[in-house]
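One chain comes next, on its own, written out as structure tokens in the form predicted on its own.
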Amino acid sequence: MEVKVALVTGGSSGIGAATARLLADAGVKVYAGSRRGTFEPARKDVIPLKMDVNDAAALEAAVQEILSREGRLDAVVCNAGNGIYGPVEGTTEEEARYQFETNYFGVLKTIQACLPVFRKQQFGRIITITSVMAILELPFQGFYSSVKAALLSLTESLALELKGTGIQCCSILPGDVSTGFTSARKLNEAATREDSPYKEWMQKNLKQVEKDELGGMSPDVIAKAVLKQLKKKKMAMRVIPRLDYKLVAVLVRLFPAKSRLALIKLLY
């Protein structure tokens, strides 16, 4: 079997929209799911779906709608996500849960909604968009790193569980990507306090982070990585687009933790 129908979450903008366009250009019928339920510019081979990955019933309804229209669903690209910024100290439980709700549990619910279809077909492709921050921790983004690391582990554990079923899993780990994610990032309350002991460092750090992201790679680079894996007979379990980030991943494994963290602090 090959991928002819795919669901892309967070499909209205950024990496999701770029992925939807590229898959459609390659002949895949794409359903772009998002809370807004829009896709611009409109095209016949990309169908916008209004859905919230935090709503299991909405996800189930979306999958059933795809099946009623197409009779199949071959792949899901779990891209919907958000980010918070701020120190671990002072972060409330509510703020931490906010970070995990969409990025982890939303992905889990999406996968669980699609798995029965894939299992019945004895074929399916699951791609999660994680981050190099799953393996490279940065200051003041501890919860984002944590949730992406958890998602990476979940995806690779699932890949082992599904071995031999015809269902494959892959994690794509982007580095800095220039999207609306930067402007949409939420600062937690502790990051906005005037008396924060981290105030000066956070201000410098955030400027550097935003500069790196806005000057980062095009979302099309990630979309191409997704398409490449979906076209393969056997997907890789972990993909890091672009050579410089692959090198970073190698260095992360080679450097002792103490030295790695000292270097990160120096850079950020």
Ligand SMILES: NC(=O)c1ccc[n+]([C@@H]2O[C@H](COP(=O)([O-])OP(=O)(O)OC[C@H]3O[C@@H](n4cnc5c(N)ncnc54)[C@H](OP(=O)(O)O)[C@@H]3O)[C@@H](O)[C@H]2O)c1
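Being a predicted model, the structure only gives us computed values, none of them experimental. Heads up: residue numbers just count along the shown sequence, starting at 1.
This next part talks about the form predicted together with the named molecule, which is not shown.
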Quiz prompt | Heavy atom of L23 within 4.5 Å of the named molecule in the model of the complex | solution = no
Quiz item: Closest heavy atom of D176 to the named molecule in the model of the complex, within 4.5 Å or not?
Solution: yes
Exercise. May I ask you to state whether Q203 is within 4.5 Å of the named molecule in the model of the complex, using heavy atom distances?
Key: no
Self-check item: 4.5 Å heavy atom contact, C169 to the named molecule in the model of the complex
Solution: no
Self-check item: Option from 178-186, 69-77, 160-168, 192-200 whose residues, in the model of the complex, bring a heavy atom within 4.5 Å of the named molecule
Solution: 178-186
Self-check item: S13, G81 and S131 each touching the named molecule in the model of the complex (heavy atom, 4.5 Å)
Solution: yes
Quiz item: Considering V30, A223, A62, V53, which brings a non-hydrogen atom within 4.5 Å of the named molecule in the model of the complex?
Solution: V53
Self-check item: Heavy atom within 4.5 Å of the named molecule in the model of the complex - the one residue of K228, K207, R43, R36 that qualifies
Solution: R36
Practice problem: Sequence order please: the residues of 143-171 with a heavy atom within 4.5 Å of the named molecule in the model of the complex. | Solution: Y144, K148
